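First, one chain by itself in structure tokens, the form predicted alone.
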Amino acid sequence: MELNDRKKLILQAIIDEYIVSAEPVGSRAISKKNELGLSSATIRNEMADLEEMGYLIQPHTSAGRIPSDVGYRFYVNSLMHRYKIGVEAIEELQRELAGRITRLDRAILRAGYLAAAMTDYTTVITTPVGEKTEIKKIDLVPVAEDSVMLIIVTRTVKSRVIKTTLTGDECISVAQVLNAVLTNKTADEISYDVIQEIENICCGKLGIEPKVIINVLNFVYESISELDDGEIYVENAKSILKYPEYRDVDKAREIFSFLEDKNNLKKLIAQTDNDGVRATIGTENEPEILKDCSLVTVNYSLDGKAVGKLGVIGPKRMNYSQVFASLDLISNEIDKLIGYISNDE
């Protein structure tokens, strides 16, 4: 059964009202606030049909309804009004992004902050994935009788303390082997044969325990793989507490815990492979914790190729029209900005 024009108008009015009020919407509220020219009884009957069709849910025994995920999806695809951002806001955004920013990483961070400010929702943004990370140097430094610090130098420096009884001389010998085999290699080039070569020398000739070498190699691989994936930043996570959907302390704690784990966010963002602004709503999001949330994402590009992603996480009743318009504007401005910065470099 397809939605006729009257049902579409009523569904649109209900969702628009619910986005603002966060309270179940009844027929009287719709008849009073919207010039539909329909009686409360007629609206009530249409709401019952919309519920039967799966577009609305009646959460309690009261007459009020709220949108279902299906209802939100239809709204986003077919009903929401186009949001217009004022000229002054656009000019302010352009000044904020362009002013005093000459490095790409700072521009990306600023864009994430501005997206959070414009939408008042939690924002995530990924940095561009550039050239594959190469290993420059590896050091092993004893820090205690049973601990060694493993230091990996790439375009940045990462370190980890590992439990092992390697002596100072053994640390020097293992580091020499690792540097001889791995220097200038990327994660993709650490093949099975490369690992076997290192194990044969370190375990066979030097007598080092295989478990120690495996721990070292795992950390080396993880470190450069993380850099290859790019970084991800979160802005305005505290905005979640503003919305009644997250007033439950345990629920809010779970959401915060999810947002603090960058691996969670990377997986979440990676699932949204899209051109233009797109939304994943409620149960369309794979993590169970986000079943009451929506994620809206957009790519930003360099020379027409997507190099990063900007996203907004908020309640399902988020102001989709405003979020879509804001992300579209910001992504276009990032495209221009990183083009200028890349050309200058």
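A residue's number is simply how far along the shown sequence it sits, counting from 1. Fair warning: this is a prediction, and the values are worked out from it, not measured in the lab.
Keep in mind that the form predicted in complex with the DNA is not shown, yet the notes after this line are about it.
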Report summary line: With a 4.5 Å heavy atom cut-off to the DNA in the predicted bound form, the contacting stretch among 299-307, 313-321, 24-32, 285-293 is 24-32
Query raised in the report: Going by a heavy atom distance of 4.5 Å, is Leu38 a contact of the DNA in the predicted bound form?
Result: yes
**Report entry** Contact of Met47 with the DNA in the predicted bound form (heavy atom, 4.5 Å)
**Finding:** yes
Report task. Decide if the three candidate residues Arg6, Gln58 and Ser62 all line the DNA in the predicted bound form, where lining means a heavy atom within 4.5 Å. Result -> yes
